[in-house]
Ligand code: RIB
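Consider the single chain below, provided in structure tokens and representing the form predicted on its own.
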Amino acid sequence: MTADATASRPRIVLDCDPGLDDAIAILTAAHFGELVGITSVNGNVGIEHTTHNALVTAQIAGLDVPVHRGAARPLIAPTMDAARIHGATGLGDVALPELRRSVASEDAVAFLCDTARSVDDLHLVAVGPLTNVALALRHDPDLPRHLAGLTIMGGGAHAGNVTPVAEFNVWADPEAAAIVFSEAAPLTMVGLDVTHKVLLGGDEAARMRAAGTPAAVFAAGLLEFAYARCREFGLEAAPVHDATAIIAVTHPHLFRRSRHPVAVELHGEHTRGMTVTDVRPPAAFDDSSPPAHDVVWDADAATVIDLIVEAVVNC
């Protein structure tokens, strides 16, 4: 995993639920990719907040990117959130300017389907619950073949963060995740196995704040809030999950991955929302195995961290 390989500038639609790390992911995608659009989804906080947060992040960074409002609740599961981590409105305690932008549409699913068919070489990067993506697959089952790639931040082969085995984005709407993992193979799963190795803290926040731009100061405040909240849980730094998924698309040479069948558990009393990843040798797979996906395991973490800071500073 070398840092000097030439990185492309892929076209990206970002499906997200901002959220501290989602906001940093927006800045990262805008710097290293061609950000075609943003779709919001209920997740870290409610849809009113996630949509507002996507709009205000784009406004602060001066991004001319349309935001489309998406699903307000999971397909079946009760609505949950992660406000205890991200703050009541999703962006911690950062002071925000008055919002001067509005959504481009109230139909994120239509935007996803139409854009996949009209924009060549489009990467869909989903870093929140997979409700919008599942609904898009229901609307257009051929969606995956119109994409250059589908990358999700979610899941994990070995551990969870909201339960011992379930990661938040999958756990928040496991029925949607089950549809996506079943019908959109092969996707790339950037899960906790790798995102818990990409940790940012006070030094990175200071580098952002020193840049002095509105976007960098904004991101520094988000990271400082996340860093402080993580320290309350005994962690020495904050994983920036969603921006890591962006770098996995824009700089894939920095990551190690392999292909494995993955199924989403829906019924277990203690395992609902688990991404059950079959790491046995391929000879163990048969026609009854779940679809196989690219599971990301490791990264050149120091370089990924530097790239995220670079994106924020220069966005």
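Keep in mind that what you see is a predicted model, and the values were worked out from it rather than measured. Numbering starts at 1 and follows the sequence shown.
Below, we refer to the form predicted in complex with this ligand, which is not included among the displayed structures.
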Item to check | Among 117-125, 208-216, 163-171, 228-236, the region lying within 4.5 Å of this ligand in the predicted bound form by heavy atom distance | outcome: 163-171
Checklist entry - Does any heavy atom of Met189 come within 4.5 Å of a heavy atom of this ligand in the predicted bound form? => result no
Checklist entry - With the cut-off set at 4.5 Å between non-hydrogen atoms, does Leu112 touch this ligand in the predicted bound form? => result no
Next on the checklist: Is it the case that Leu91, even though its partner is missing from this view, gets within 4.5 Å of this ligand in the predicted bound form, heavy atoms only?
Outcome noted: no
Item to check | Contact of Val180 with this ligand in the predicted bound form (heavy atom, 4.5 Å) | outcome: no
Checklist outcome for this item: With the partner omitted here, the residue among Asn53, Thr28, Ser40, Asn44 that in the predicted bound form has a heavy atom within 4.5 Å of this ligand is Asn44
Checklist outcome for this item: Of Met153, Leu200, Ala108, Val194, the only residue with a heavy atom within 4.5 Å of this ligand in the predicted bound form is Met153
Checklist entry - For 79-95: residues with a non-hydrogen atom within 4.5 angstroms of this ligand in the predicted bound form? => result His86
